[in-house]
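Okay, here we've got a single chain as structure tokens, the form predicted on its own, with questions on binding and movement later.
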């Protein structure tokens, strides 16, 4: 897993930002709606232009398209294809891998089991519970062994008890896989539970870690 580094990264609603996420570390970016959290993730994923320097393990991502960055991206909208089964949603993510059909089938089986969703493999997303849809979307995000996992408030639409179950499952899974992760959220409890380190984003700027979030005062 690589180190992620942003140096003087700017965008019309962000920055300049300096941020480092170490190999295997989970960092939560905590901030209110409109702070620029979603924009930050899209820049890292290669979905928005920016100024400054963005690197993985010292290698610049300038000009590298999103599909070549091998990043797992889990958003609050999940974007599961409703006409496909859970299993086929995951297989679609593996479609352009340079592996055999048998290898893709085995990887699909592994990730379904790892994310505790194998018993729903043949179901379509709209027939699942909220927690099961989250597990299915996470399985798809992890299918290609991503070097970085980006989470964009993926649990915001769930009830508190389901969130807490999934926080525990995700934390266990992340540590098991040694994943490097960047999580954006407006929920302080979620940030502290999921991350090794919490930073604050307010009005497009990073605040000192010890600062009190102004929207909580």
Partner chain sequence: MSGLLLLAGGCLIAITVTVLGALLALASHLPLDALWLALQQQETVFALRLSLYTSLLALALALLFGTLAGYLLARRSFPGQALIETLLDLPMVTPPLVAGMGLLFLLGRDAPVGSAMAAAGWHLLFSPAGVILAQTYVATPLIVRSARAAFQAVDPDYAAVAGTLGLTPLWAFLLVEIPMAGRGLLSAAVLGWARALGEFGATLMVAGATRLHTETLPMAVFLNIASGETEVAIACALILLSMAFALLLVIRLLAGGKSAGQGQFQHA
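Since the model is a prediction, treat every value here as computed from it, not as a measurement. Numbering follows the first chain given and starts at 1.
Although not depicted, the form predicted together with the partner chain is the subject of the following passage.
- Annotated contacts: 77, 133 and 140 all touch the partner chain in the predicted complex [non-hydrogen atom within 4.5 angstroms].
- The contact residue chosen from 177, 66, 165, 188 relative to the partner chain in the predicted complex is 66, the criterion being a non-hydrogen atom within 4.5 angstroms.
- The partner chain is not shown here, but in the predicted complex it comes within 4.5 Å of a heavy atom of residue 126.
- The partner chain in the predicted complex is not approached by residue 101, whose heavy atoms all lie more than 4.5 angstroms from it.
- Remark: residue 92 counts among the residues lining the partner chain in the predicted complex, judged by a heavy atom distance of 4.5 Å or less.
- The shortest heavy atom separation between residue 47 and the partner chain in the predicted complex is within 4.5 Å.
- In plain terms, the part of the chain that comes close to the partner chain in the predicted complex, with a heavy atom within 4.5 Å, is 38 to 46 out of 188 to 196, 22 to 30, 38 to 46, 166 to 174.
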